[in-house]
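Have a look below at one chain only, the form predicted on its own, in structure tokens format.
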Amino acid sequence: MAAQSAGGGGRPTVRTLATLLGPAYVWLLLTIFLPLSAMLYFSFLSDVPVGAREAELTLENYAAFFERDFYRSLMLRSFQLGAVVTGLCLLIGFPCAYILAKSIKGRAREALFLLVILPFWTNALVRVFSWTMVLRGNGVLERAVNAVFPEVGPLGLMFTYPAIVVGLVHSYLPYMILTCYVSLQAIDDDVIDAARALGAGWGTILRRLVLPLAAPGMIAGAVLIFVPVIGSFMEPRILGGTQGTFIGTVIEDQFTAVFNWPLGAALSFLMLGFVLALFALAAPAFRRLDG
């Protein structure tokens, strides 16, 4: 017994844990925490310290957000966009995940699962530009609709808010399907059959059994979608035109067009802070849903 506890049968030692986890934490330090630290430092500077420019520590970049209604309205608009896209992904993705997990078996499931992950095999920019071919005037969608309903006329979908939502839902829907599929796949079919045998209707089974057990997947999918959608700039800029101004596009402009890195960094950390605050407020609801 002593030999077993001293060998590989006992708990892993600190040295073993450091050996196994060390490379991962070093990688996170170099690729995430150091860049974030640099961004945090830039957010308190008055200017970019390049060449002969002199930079001083200041809070003006953070104060600009609270002094200008423009930034606050864009932040709220971005959060609303995230909520809309996340809700649509849940409404579309959960039924798809349920069908994949419980209704389709064998090769058909593998083929459909391949179609779900197929968008990940193409570049995001290519996916967004493909929607411009579909949504633009005299595009694929408008021609198809006018061929069936000639009286409809121009749809005018390009460079609108719905076009942004369509592009974002298409980009992030697979995340919701995959996370919900994992949770639904873990539900034993015998549990659902037992509920039916006891006389429970489909609505009761869905509300009292399936949704609570699938809650972790839905929560994970919502987080994976909501966070990047808030800061998205490619889909709003390409598909939204003048309607595509959100906090993410403003941040991207500060870094690439205006060369105002301190303000862009400050807006980025403010967005991160609001997201963390929102998750902190929603944590009790998430725990009740998960429980």
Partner chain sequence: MSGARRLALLGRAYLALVLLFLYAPVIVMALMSFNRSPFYTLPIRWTTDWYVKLADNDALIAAGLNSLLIAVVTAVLATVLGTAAALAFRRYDFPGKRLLQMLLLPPIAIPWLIVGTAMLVFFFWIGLGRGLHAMLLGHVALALPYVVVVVSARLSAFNPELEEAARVLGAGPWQVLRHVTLPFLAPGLVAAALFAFAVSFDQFVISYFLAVPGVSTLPVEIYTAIRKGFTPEINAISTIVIAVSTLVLVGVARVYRFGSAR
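Residue numbers count along the first chain shown, from 1. Take the two forms, find the largest set of C-alpha atoms that superpose within 1.5 Å, and that set is the rigid core. Keep in mind it's a predicted model, so treat the numbers as computed, not measured.
As for the form predicted in complex with the partner chain, it is not shown, yet the points below apply to it.
- In the predicted bound form, residue 47 stays away from the partner chain, with no heavy atom inside 4.5 Å.
- Taking the partner from elsewhere, residue 121 is found to have a heavy atom lying within 4.5 Å of the partner chain in the predicted bound form.
- Contact annotation for residue 263: none of its heavy atoms lies within 4.5 Å of the partner chain in the predicted bound form.
- The partner chain in the predicted bound form comes within 4.5 Å of a heavy atom belonging to residue 272.
- Taken together, the three residues 64, 79 and 184 all stay farther than 4.5 Å from the partner chain in the predicted bound form, as judged by their closest heavy atom.
- For the residues 220, 83, 155, 92, the 4.5 Å heavy atom test against the partner chain in the predicted bound form is passed only by 92.
- In the predicted bound form, 112, 113, 114, 115, 116, 117, 118, 119, 121, 122, 123, 125, 126, 127, 129, 130, 131, 132, 133, 134, 136, 140, 143 are the residues of 111-148 with at least one heavy atom within 4.5 Å of the partner chain, listed from first to last.
- When the rigid core is held fixed, the Cα atom of residue 18 travels 2 angstroms or more between this form and the one not shown.
- Core-superposed comparison between this form and the one not shown: CA of residue 202 displaced by less than 2 Å.
- Positional change of residue 73 between this form and the one not shown stays under 2 Å at the C-alpha, relative to the superposed core.
- A shift of at least 3 angstroms pushes the Cα atoms of residue 179 and residue 23 further from each other in the predicted bound form than in the displayed structure.
- CA of residue 121 to CA of residue 218: closer by 3 Å or more in the predicted bound form than in the shown form.
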